[in-house]
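First comes one chain, alone, set out as structure tokens in the form predicted alone.
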Amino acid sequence: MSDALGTYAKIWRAHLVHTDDAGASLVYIDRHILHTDTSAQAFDGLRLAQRDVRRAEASFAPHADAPTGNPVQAKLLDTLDANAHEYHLARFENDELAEGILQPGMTVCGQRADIGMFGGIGAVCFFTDAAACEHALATQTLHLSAPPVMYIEMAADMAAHSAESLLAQLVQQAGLPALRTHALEIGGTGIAAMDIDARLRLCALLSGISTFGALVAPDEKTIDWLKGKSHAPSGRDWAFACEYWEDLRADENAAYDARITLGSTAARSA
């Protein structure tokens, strides 16, 4: 691997536990966000295998009231509540994920709709089914293959566009097959000019297309957004965290598997 790394590659390398001869990797997971639709089967699998949760404090179960008149969702939520209590998992309200539970440089796994947006602050998100959920609960790792990474340089004139407009332009320029099969790392003056909410929205939309999600390197706006949040680092830990987050920015001349430029000077090369 080149010494000059992009943000996605830096986070992948920092969390890589092992790579076998066939190229399959074991990747450490910092945060596991559970979902009602996949967790019940995963916990049943743990019981059948007589396995425990590897790091209960790193597996987070949402606490929410079921929609009125939806008995299926109510049952799923009751089951997740019972499993979380039995295995002593961390609990959170749905809006708490944005309060520092998820941070730049973290690897996060869970359901696409729950976590994909947090690529906007520099977290690498992996989307799991029930089998992967069980493996993450038991080992705090996932079996993965390193995806190819596409770097999307966003020119300054793109900053004023809506996330929906940017998505449409990316699909038109790069094509759906390329977006689906690459992890997407977004940089350039355009993304730097966007506020965090806009970055979160864009990464949420791109995560609905890309198998591997989208990522924006953390910068001063990210740090300002996280500062003082209830679950963010504090004291001396804050200074150490900021130093780590700043080091996650892509190195000059970092290698990528594909590159495109979105904006006034758009040109594609692979």
Partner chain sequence: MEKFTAIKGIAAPLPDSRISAETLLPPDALLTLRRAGLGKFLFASKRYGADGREDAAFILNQPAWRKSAILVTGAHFAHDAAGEHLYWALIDFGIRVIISAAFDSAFRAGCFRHGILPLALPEDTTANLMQAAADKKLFTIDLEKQVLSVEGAAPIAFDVPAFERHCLLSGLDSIGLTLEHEDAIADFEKQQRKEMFWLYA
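Numbering follows the first chain given and starts at 1. Computed from a predicted structure; not experimentally measured.
Same protein, other form: the form predicted in complex with the partner chain, not shown, and the subject of what follows.
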- [ ] Using heavy atoms only and a 4.5 Å cut-off, determine which of Ala61, Leu205, Ala40, Val53 is in contact with the partner chain in the predicted complex.
- [x] Ala40
TODO: Could you check which residue among His161, His135, Arg112, His182 gets a heavy atom within 4.5 Å of the partner chain in the predicted complex?
DONE: His135
TODO: Could you tell me which stretch in 168-176, 127-135, 112-120, 191-199 has residues with non-hydrogen atoms within 4.5 Å of the partner chain in the predicted complex?
DONE: 127-135
Task: Partner contact for Asp219 in the predicted complex: the partner chain, 4.5 angstroms, heavy atom - done: no
Open item on the list: Contact with the partner chain in the predicted complex for Met106, defined as at least one heavy atom pair within 4.5 Å: yes or no?
Closed with: yes
Task: Partner contact for Asp237 in the predicted complex: the partner chain, 4.5 angstroms, heavy atom - done: yes
Task: the partner chain contact at Ala14 in the predicted complex, heavy atom, 4.5 Å - done: yes
TODO: For the stretch 16-45, return the residues whose heavy atoms include at least one within 4.5 Å of the partner chain in the predicted complex, in the order they occur.
DONE: Leu16, Val17, His18, Leu26, Tyr28, Asp30, Arg31, Ala40, Gln41, Ala42, Asp44, Gly45
